[in-house]
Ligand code: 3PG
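The chain that follows stands alone, in the form predicted on its own, written as structure tokens.
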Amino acid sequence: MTKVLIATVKPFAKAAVEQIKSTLDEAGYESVFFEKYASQDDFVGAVADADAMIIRSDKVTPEVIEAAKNLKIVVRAGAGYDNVDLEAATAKDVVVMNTPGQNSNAVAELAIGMMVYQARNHFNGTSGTELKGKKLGIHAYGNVGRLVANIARGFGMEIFAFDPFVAKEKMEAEGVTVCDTVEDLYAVSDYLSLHIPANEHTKKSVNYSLLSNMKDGAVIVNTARKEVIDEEGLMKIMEEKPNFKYVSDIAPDSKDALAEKFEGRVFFTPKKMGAQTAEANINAGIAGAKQIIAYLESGDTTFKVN
């Protein structure tokens, strides 16, 4: 029987677990839930006879790939897949997929919620500002960016975007003002919502030079990855622009220093919160199970990323 290991140090919600298991049972697959494990070594020890895996933030390292002798496919339940060593997987003919779009609404709602939270001074009882009439820049107009734009439009915000991989005509048709350069996007934005992936081209790309284009009083909202921020550059901008603000659901390495020096101007959630809704949990988990079945039964590689 084909064995699917669902390895989640941060487990799926109960409803998601039940539906993942039901989906795999119907296909005649065995599902094994390996949850809240204590160490990476425990993960390596659990993969020996797995034919397929569903993971969340779990790290699929070369050691994991090497230990999983039967492994054919790994599905990351979510959009980002920088926690999977693609080179090691490819070398062992292991297909890696993500589940794009399944968490998008949850992330978009969080981004807007963080804008409201910052605009209202963390709900501390003092007078804040409104989102209506403010200029929202969206850096990367993919699944999440598009949904952020849709929600923000309901608040009466002006929407701007930069994404060289999306046709200008498509964005304009959706009521978005397209910026020719990323510098132009940052310069115009009162709020800047980040949705770029973390890769060799984007890590630390949101740096001092780029941030220096922004207004004093602008707010960066990062629901993408902490690695895309150059923290030294961020610190310098925060010092130079006394009303500049940064909020994120991924705490930076320098979170303590930022919080101490810029109280009220930064906010970080206790853990990554973008996909932390019941709906996103279920959607991504079931999508992962269905993609495994589709690949093993018919060779469907629609969401392959390696």
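Each residue number is its position in the shown sequence, starting from 1. Please read all numbers here as calculations on a predicted model, not as lab measurements.
Unshown form predicted together with 3-phosphoglyceric acid; subsequent notes refer to it.
Novice: Using heavy atoms only and a 4.5 Å cut-off, determine which of V60, A275, V266, A50 is in contact with 3-phosphoglyceric acid in the model of the complex.
Specialist: None of the others qualify; the residue that does is A275.
Novice: With 3-phosphoglyceric acid left out of view, which of R146, K134, R225, K72 would have a heavy atom within 4.5 Å of it in the model of the complex?
Specialist: Flagged contact: R225.
Novice: Check R56, R76 and G80: does every one of them have a heavy atom within 4.5 Å of 3-phosphoglyceric acid in the model of the complex?
Specialist: Yes, the whole candidate spot contacts 3-phosphoglyceric acid.
Novice: In the model of the complex, which of 267 to 275, 252 to 260, 62 to 70, 40 to 48 comes within 4.5 Å of 3-phosphoglyceric acid (heavy atoms)?
Specialist: Among the listed stretches, the partner-contacting one is 267 to 275.
Novice: Given that the partner is absent here, does S193 sit within 4.5 Å of 3-phosphoglyceric acid in the model of the complex, heavy atoms only?
Specialist: Although 3-phosphoglyceric acid is absent here, S193 would stay clear of it in the model of the complex, with no heavy atoms inside 4.5 Å.
Novice: Any of the heavy atoms of S189 lying within 4.5 Å of 3-phosphoglyceric acid in the model of the complex?
Specialist: Contact check for S189: no, nothing within 4.5 Å of 3-phosphoglyceric acid in the model of the complex.
Novice: Which residues, if any, of 85 to 120 lie within 4.5 Å of 3-phosphoglyceric acid in the model of the complex when only heavy atoms count?
Specialist: Residue within 4.5 Å: N103 only.
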